[in-house]
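Quick heads-up: the structure tokens below are two forms of one chain, split into structure 1 and structure 2.
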Structure 1
Amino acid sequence: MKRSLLAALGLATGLAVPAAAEDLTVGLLLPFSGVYASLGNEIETGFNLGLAAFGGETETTFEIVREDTEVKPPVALGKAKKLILQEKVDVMVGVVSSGVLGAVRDMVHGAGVPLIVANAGNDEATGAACSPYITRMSFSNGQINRPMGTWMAEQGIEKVFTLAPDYAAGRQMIDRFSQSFTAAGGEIVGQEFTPFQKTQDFGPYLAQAKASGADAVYVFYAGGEAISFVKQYDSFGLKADLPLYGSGFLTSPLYVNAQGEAAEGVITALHYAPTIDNPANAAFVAAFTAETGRAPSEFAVQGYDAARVLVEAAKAGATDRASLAHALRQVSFEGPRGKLAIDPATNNIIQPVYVYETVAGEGALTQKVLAQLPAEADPANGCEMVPLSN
């Protein structure tokens, strides 16, 4: 489905218009069906709000072509080919799943079409599989877990038991946390990886954690697994003696209210929380709440900032694939998350990480920010960035 977003007005029409010199065609490559449809919709809502908020700063018109990846790598590859070869998009935005990003990487790189990643966090995408045409505006798995290991050790926590689903993201997140925690003097006293999307009863793993002698438990779970895990952790009565920590996807604003009181007191780290106190976030939260009636999640801000970085590239004079790829990696701005920049060595985002506790608010759960951890560039992780041709 195509629609033209007039940058100055943020208005949509149902018809595609012929591309003019000041037009950019944007392929929105997201899951609009399947298990991650809610994430795709959240990112799209944020993206549209970003174009409406900042598009008036440029005369460029953005024509949007939506394609549904269905969170299936073969489907996503076919849709990417369609966007590149048939729709002749100037840039693509989206990709929720790391598996989908891995599937489309070579197509994107070979065709020289810029891709602004609005979610997928696999470390390889800005590591060994980096590309000058792939710019990540979301996070890397290591980036949001590595600082938490250091911070927890600084709080006097000496022994930790870790849990995560047994797939690439789960292992990367726990590995990066464990490395920094042990480097800071902590000890991992137990570690388990649960069958991904197959574990309904976490009881045996929670029993191991309780018997491990740990001071705390650190986990990564997301979506339905996060809801189930947090509820079961609470029902086991562990939080009083064995506090629960994790990456912020554990208590994402997108579904934390489904966890209810069980989420209270859980401390997590993420690159965004809707309670971050700065003017850019206040404006974003107000716009998103007016549009949806609820607070935005990390997925929404990733879409919002993806639109902002695209507008900034257009303001810098980018008019086609090559100039967009050059411009995207040079963008920096103050956004809802704080100061953002792109590391030219990897094309990964540089951003603050926030530690927050989920607490009861007025009629809903909310996030109490405990600390803002410094923004740091990821290590190259095997990235050898190929120079862009002029």
Structure 2
Amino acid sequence: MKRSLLAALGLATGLAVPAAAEDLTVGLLLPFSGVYASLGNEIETGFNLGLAAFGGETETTFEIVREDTEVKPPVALGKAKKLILQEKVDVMVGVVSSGVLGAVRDMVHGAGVPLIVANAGNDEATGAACSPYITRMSFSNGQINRPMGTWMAEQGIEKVFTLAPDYAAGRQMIDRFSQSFTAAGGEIVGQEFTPFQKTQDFGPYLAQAKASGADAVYVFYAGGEAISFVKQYDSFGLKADLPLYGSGFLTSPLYVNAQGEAAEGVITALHYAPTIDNPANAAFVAAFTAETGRAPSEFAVQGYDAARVLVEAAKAGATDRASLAHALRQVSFEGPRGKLAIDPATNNIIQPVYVYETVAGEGALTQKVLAQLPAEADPANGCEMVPLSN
């Protein structure tokens, strides 16, 4: 795939810089095709903006090599091998699907190549399968869904029907939601998992939800599946009597306008909304909007923060795989999402979670923040972090 040389200083200032040998080679391992292609593109846009915003703070230059995972675990593993063995990258950034993260974990850990996870929420990657080489700058599936179970029970919702695609992320998100919802006194009255990347017609599942006696439906869907699900939910006439809740990828700003009015009133939880009110977010939203003409999504901020953490590691003197792995997990900063830090026990991010409702705004849908839930470190989930040797 295409190689591009990004001289950090040149990007930040717009000045030509003398040709220099790249200091760090970064493998971007993202889906550029398949059901999560738009997510991969959005992460890359955010990453490039992050390098443009922060890259000038270091003399280090970054060479980027892109590979397409196609959202297919075996393909992704082949691409990870190529980046590590052939391209000899110093660090990888990316991975959108929890299934792909599970597939590349042993390769990353065994080769000792740091991976900055820029999306995939797979709880195991910062749990029983944790690694000092895997640092998550996005979220974990438990982190988003656990607080939402408690919050919904506190709103007086008693009976919920759940739906999600049948793969690691869908299973983990619904499991963590169900655990906290039932612990707070709620009841799960029905649950279905839909074939991942294959379900076009959600009608039979929606009929089940309607007949279940639930007060509300809670789901995880993302990308193309989220667009069709939200539209079908609305055209099935369910929204008025059976309110729709979920993890916020369901109504991501990336594709909420493709859902249109069908998304209005849907309430979800997420680690980012472009309407969060803080100075770092104002700067990020302005830069992203100037570049793309639209508001950034959670995927964009994950790419942006992944670039920032990489720059911070370079500033701390990291020059190779081992020193990068060491530096990445020590970074903390106040960014567009609020205060971020990496939990040394698991290498997972610690960050606030926001509950937001999708509402009509000026000419487009927007995100009304209903609650900010406190930042909590995930439980270790069996992680026994191996110390780095240097």
Ligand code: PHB
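So that the term is clear: the rigid core is the largest set of C-alpha atoms that superpose within 1.5 Å between two forms. Note that the coordinates shown come from a computational prediction; the quantities given were computed from them, not determined experimentally. Every residue number counts along structure 1's sequence, beginning with 1.
Undergrad: Is structure 1 or structure 2 the form predicted alone?
TA: Comparing the pair, one sees that structure 1 is the form predicted alone and the remaining one is not.
Undergrad: When the rigid core is used for the superposition, does residue 293 move between structure 1 and structure 2 (threshold: C-alpha shift of 2 Å or more)?
TA: Comparing the forms between structure 1 and structure 2, which are aligned on their rigid core, residue 293 does not shift its C-alpha by 2 Å or more.
Undergrad: Align on the rigid core first; then say whether the Cα of residue 132 has moved by at least 2 Å between structure 1 and structure 2.
TA: After core superposition, the displacement of the residue 132 C-alpha between structure 1 and structure 2 stays below 2 Å, so no.
Undergrad: Aligned on the rigid core, do the two forms place the Cα of residue 78 2 Å or more apart, comparing between structure 1 and structure 2?
TA: Stays below the 2 Å threshold, so no.
Undergrad: Residue 236: how big is its Cα shift between structure 1 and structure 2, in Å, with the core superposed?
TA: Residue 236 C-alpha displacement between structure 1 and structure 2, core-aligned: 5.3 Å.
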